[in-house]
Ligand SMILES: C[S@@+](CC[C@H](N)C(=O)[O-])C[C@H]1O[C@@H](n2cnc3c(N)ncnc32)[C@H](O)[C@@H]1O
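For reference, the chain that follows is the form predicted on its own, supplied as structure tokens.
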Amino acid sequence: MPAPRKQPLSAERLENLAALAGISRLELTIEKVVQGGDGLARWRDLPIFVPRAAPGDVVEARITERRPGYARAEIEEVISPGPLRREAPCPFYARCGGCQLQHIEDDAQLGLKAAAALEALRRLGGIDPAQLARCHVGEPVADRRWGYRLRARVHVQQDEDGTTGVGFRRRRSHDLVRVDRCPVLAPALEASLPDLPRLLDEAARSGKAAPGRLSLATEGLGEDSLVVASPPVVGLPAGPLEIELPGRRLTFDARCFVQAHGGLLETLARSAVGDFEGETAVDLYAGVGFFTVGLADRYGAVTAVEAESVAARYARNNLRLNGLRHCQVERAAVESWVDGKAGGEGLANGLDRVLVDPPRVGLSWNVRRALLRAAPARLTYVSCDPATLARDLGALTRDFDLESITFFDMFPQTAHLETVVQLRRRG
């Protein structure tokens, strides 16, 4: 799909930009939250994006960036809080870049994110409005808002005095915010944080250099759930974890991508796989086989494609563990595999089903083209970024009809949103 042509700026907009150049602070009223979690305000019709703002806030804001079509600002003072604003429960929120929405009431966050995602689909995707109007938009799905996250990647820093700090990056910075707790993490994962500096210090005294980053994972939401680390840390085990899905077991370790919300795994898998059936299915960007094992119940032959070697190895193990002999794993980059450049015939015509769960950058042009060429009877798109989803659906809906869109709050307290889109081949 060709990029939209940029419209020249109007004389009024140019005049407003010139006026803004001489202003450092503004009083702004926040209209809504947009994709990415920033609040949107307007000054003389110029959009201004303000992080950590809530709808209805009246704020004094400092301009930090000026662009031809918009500006960015940081809150200096909340003059009048909107009805959804609250004090963030986490003491590190003001500095830490991990969460973006803790200043907004729990019950309001998902609705704001879903509305912003739908706006992104309409505005960025170039999708036929009639298609969107016919598509069923399901009730957004949520579970626990705190203590939900099964995985975390923490940063490690050794100071000049030899002490070790563990935490997350400061918002819009590479500086470390040291933390000894993080309330979005699963209880066992959060409980491991205070001991990490000591364990890493002990390892350093024995001659083992501290890693720059440490991946942590747990297998459940219980306080005594097993926690593993990668690279290994003395005092924390390494190796595989196991979670259970309906009738299936899934193994992985701290190096692997696995859906993070421990309370929504079953619901997400059931929504993505659905009640559809057939003979042949392909799972692209399959990871450790989270969706593959569900597709195996409904299709006579399933091929999972995954580029990362550790994840592909776990995917093969998970097929063996569950006795799924009618499924296979291809370790290859999806971008090459779909064209048959990585061995085999690639994405063939006549498939009953393709499921894609790409990283945040979405589908490459080559993968979109391959999907349109192969034209499977049914296509499922699982996305963690509404903006790239909108771009990809803009291309795919030329030959596929939207059936349903369901939003999942897999990342409460953050601006991120998981979306499951079901499409059917037209004609």
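Only a predicted model underlies this, so the values are computations on that prediction, with no experimental measurement involved. Just count from 1 along the sequence shown to find any residue number.
Another form, the form predicted together with the named molecule, is not on view; read the next lines as being about it.
Heavy atoms within 4.5 Å of the named molecule in the model of the complex map, among the stretches 319 to 327, 98 to 106, 283 to 291, 227 to 235, onto 283 to 291 alone. Using a 4.5 Å cutoff between non-hydrogen atoms, G36 does not count as a contact of the named molecule in the model of the complex. The named molecule in the model of the complex is not approached by L241, whose heavy atoms all lie more than 4.5 angstroms from it. For the chain shown alone, A217 is not a contact residue for the named molecule in the model of the complex, no non-hydrogen atom being within 4.5 angstroms. Remark: A333 counts among the residues lining the named molecule in the model of the complex, judged by a heavy atom distance of 4.5 Å or less. Note on contacts: among P51, P55, P358, G394, the single residue with a heavy atom within 4.5 Å of the named molecule in the model of the complex is P358.
The contact residue chosen from A307, A188, A116, L176 relative to the named molecule in the model of the complex is A307, the criterion being a non-hydrogen atom within 4.5 angstroms.
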